[in-house]
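Only one chain is included here, represented as C-alpha cells and corresponding to the form predicted alone.
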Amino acid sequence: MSAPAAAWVEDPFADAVRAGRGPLWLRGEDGARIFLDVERWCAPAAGGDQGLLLRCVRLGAPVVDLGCGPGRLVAALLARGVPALGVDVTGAAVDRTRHLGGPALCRSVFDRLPAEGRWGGALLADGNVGIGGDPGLLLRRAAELLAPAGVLLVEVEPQEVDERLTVRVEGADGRLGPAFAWARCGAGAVTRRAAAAGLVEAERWSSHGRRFLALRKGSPAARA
C-alpha cells in the first residue's frame, strides 16, 4: 500500500519527546493551534487510558499500538501481561518506548509490519486516527493488520468534527516542523469510514474528557 509522507521525524515533536515535556501544538495554515499533551503522553498510563488497557486485556491477544509515541500504552500493556508492539515514525519516540522496555519499530503504519492479519487488537490513541490526513485509508490499513474478529480501539475527538488539515508541529520557541497532512474526526465520522473498511462499531465510551470507539472486524456472526 502506498503511504502518505511521514511526518514528525526530526522536528519540535522529537525534541519534546526527548525532554518529556512541551508545550507543543499543531499549527494549521490559518494559524489556529491544537494543543498536544506531551506531558500526559510521556507519563505513565492513567485516566482515560485505563479503559483502553482494560479492553486490550479482555481481548487476550497481542496488540499493536499505531503511532505509539513515547510508549506509555505499550509499557502498560506489557505490565498487564499483554504482548504489544509500538510503531512510530519518530525515532525519539521509538527510543523512549524501548527505554521503557517495550518493543517498537521506527516505521510508518503503512510500511510492512510484523504479523499482518494476525493482531488481535490495534490502537489508534491520542488523535492518531488523523495520521496521514486520510482516516478512511488509515482505517483500511488497520483492518488489514487485524486477525479475523480483531478489534481496533480508536480515540476520537470529543466533539463531532470531520476535517482534513495541513499542519506543522510548533514548539515553545515558535520553531515549526515540516508541513504534513492531518485529520480530526469525531465518533460519527470514524464510524462511517470504518464501515467502508469492513469494521463495525461494537462500543463507544467516554472517560476523563476523552471519547473512544471499539471497531470490530470479522464475519456478521463474529461482529454480533
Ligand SMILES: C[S@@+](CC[C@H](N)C(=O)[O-])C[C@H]1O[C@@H](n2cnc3c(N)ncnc32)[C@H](O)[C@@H]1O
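We number the residues from 1 along the sequence you see. As the structure is a prediction and not an experimental result, all values here were calculated from the model.
Another form exists, predicted together with this ligand; not displayed. Remarks below refer to it.
> Can you confirm whether V57, W119 and F212, the three residues that make up this candidate site, all sit within 4.5 Å of this ligand in the predicted complex, judged by heavy atoms?
No, the candidate spot makes no contact with this ligand.
> Please check if R96 has a heavy atom lying within 4.5 Å of any heavy atom of this ligand in the predicted complex.
Although this ligand is absent here, R96 would stay clear of it in the predicted complex, with no heavy atoms inside 4.5 Å.
> According to a 4.5 angstroms non-hydrogen atom cut-off, is R107 in contact with this ligand in the predicted complex?
Close contact exists here: in the predicted complex, R107 approaches this ligand to within 4.5 Å, heavy atoms only.
> Spell out, yes or no, whether the shortest heavy atom distance between L77 and this ligand in the predicted complex is within 4.5 Å.
Contact check for L77: no, nothing within 4.5 Å of this ligand in the predicted complex.
> Taking heavy atoms only, is I131 within 4.5 angstroms of this ligand in the predicted complex?
Flag for I131 set to yes.
> Looking at A142, A84, V154, V87, which is the one with a non-hydrogen atom within 4.5 Å of this ligand in the predicted complex?
Flagged contact: V87.
> Using a 4.5 Å heavy atom cut-off, which of 171-179, 157-165, 190-198, 60-68 contacts this ligand in the predicted complex?
Partner-contacting stretch among the options: 60-68.
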